[in-house]
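Shown next as structure tokens: one chain only, the form predicted alone.
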């Protein structure tokens, strides 16, 4: 039966590490035609996009890349990684290419790498924003030239088209910048002529690797918490999903559930260039490890749009952590923190852009005002103070001032003269560095999926 065989070794390069034994066995047993996976995300926050840092451990990233290069390139299996290096901006892509060069030299591997940057020229985007309305995604703020000028890093999320072009150019390894997770995995089957809707839906489930599977039996000790490769086989009117370790199974329930992962709607998902329609999707068990999916459709959009992600630097961050175990103080913690915040803004009134946030853990530190479990007063709480200021020195000083004030704060019923709080670290104020926020999240109309993305070939 004609099919495209796609193996996703990991839900994210460098995230917990590929399970080596399962991966090598999969290469020999199923002989995949391509290895396709995600390399990053905006999920860990704006900092990683703005600073150009990876959000997975570098040693893990190198370990995964070495495993892929050493065993896939000699077998002539192409490798595709989307959102390479973390957030998929030029520094992330260049770092990934550097690792590939280093490994290839040490292992004496020759390969042709395709590099696809996703960064946008601010001059181009500014001109577009000046003459047309570029709408926001999930918000109503139209993109302005001023917003473009404020951005330190702006990337566009590519679809499958540039990746298909890279494969057409004979790439052994496609190192893509910011890309739709599903599109990076769907590119190969789409290029081979398989249905776009089914290909994207398969990629949408495979993109988190074994997260789309459930435990069929207790995990074996050697599996631990590494990433387990998962296999996708796409045919004319359906695709099949199967994890490559017998302790896991892709069930109709687990695959349907992951089809809803990070989605606002159970019926449709927006992708570069169109909408994935899941209203007629059906999930059925093929065997005890495998699920069959049918019925998904893709509706092209006109015009074709790509998502823009842009961050701006808002200052420098310092944090302070302390614990409170005094019942009377815990009962008054909201008013104490609010009065302390007011005092800081008065003391540092000349500081523009100062931000002070409190997170009270043990009560509502995770959900904040949306917390629905209003339990009796906890016996202790932990407070994280988040300060953002124009310079690191000012952020640090504000944190120090808050620590000192709250340590000696006079509140009703106080029985101590000092030591209101327990501070676990010295220095008590920890300087984090530059702080960024997401300020561009917009849909940019383009001619087609290839317009913004140039493919460069490197001989390594």
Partner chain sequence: MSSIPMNELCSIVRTKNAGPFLFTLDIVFRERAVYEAVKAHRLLTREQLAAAYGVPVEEVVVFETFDNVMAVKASFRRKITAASPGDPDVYAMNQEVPALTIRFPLARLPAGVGAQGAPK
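Numbering follows the first chain given and starts at 1. Whichever C-alpha set is largest while still superposing within 1.5 Å between the two forms counts as the rigid core. In this text the structure is predicted, and so the values were computed from the model without any measurement.
If you look for the form predicted in complex with the partner chain, you will not find it shown, but the lines that follow are about it.
Contact with the partner chain in the predicted complex, defined as any heavy atom within 4.5 Å, is confined among 73 to 81, 351 to 359, 332 to 340, 189 to 197 to 351 to 359. In summary, among the residues 27, 69, 394, 46, the only one with a non-hydrogen atom within 4.5 Å of the partner chain in the predicted complex is 46. Of the residues 286, 380, 262, 132, just one reaches the partner chain in the predicted complex with a heavy atom at 4.5 Å or closer; this is 262. Interface residue remark: residue 124 is not counted as part of the site for the partner chain in the predicted complex, having no heavy atom within 4.5 Å.
Put simply, residue 429 is far from the partner chain in the predicted complex: not one heavy atom of it is within 4.5 Å. Residue contact with the partner chain in the predicted complex: residue 437 places a heavy atom within 4.5 Å of it. Contact between residue 314 and the partner chain in the predicted complex is found at the 4.5 Å heavy atom cutoff. Applying a 4.5 Å heavy atom cutoff to the partner chain in the predicted complex picks out no residue from 96 to 110. Once you line up the core between this form and the one not shown, the Cα of residue 373 ends up 2 Å or more from where it was.
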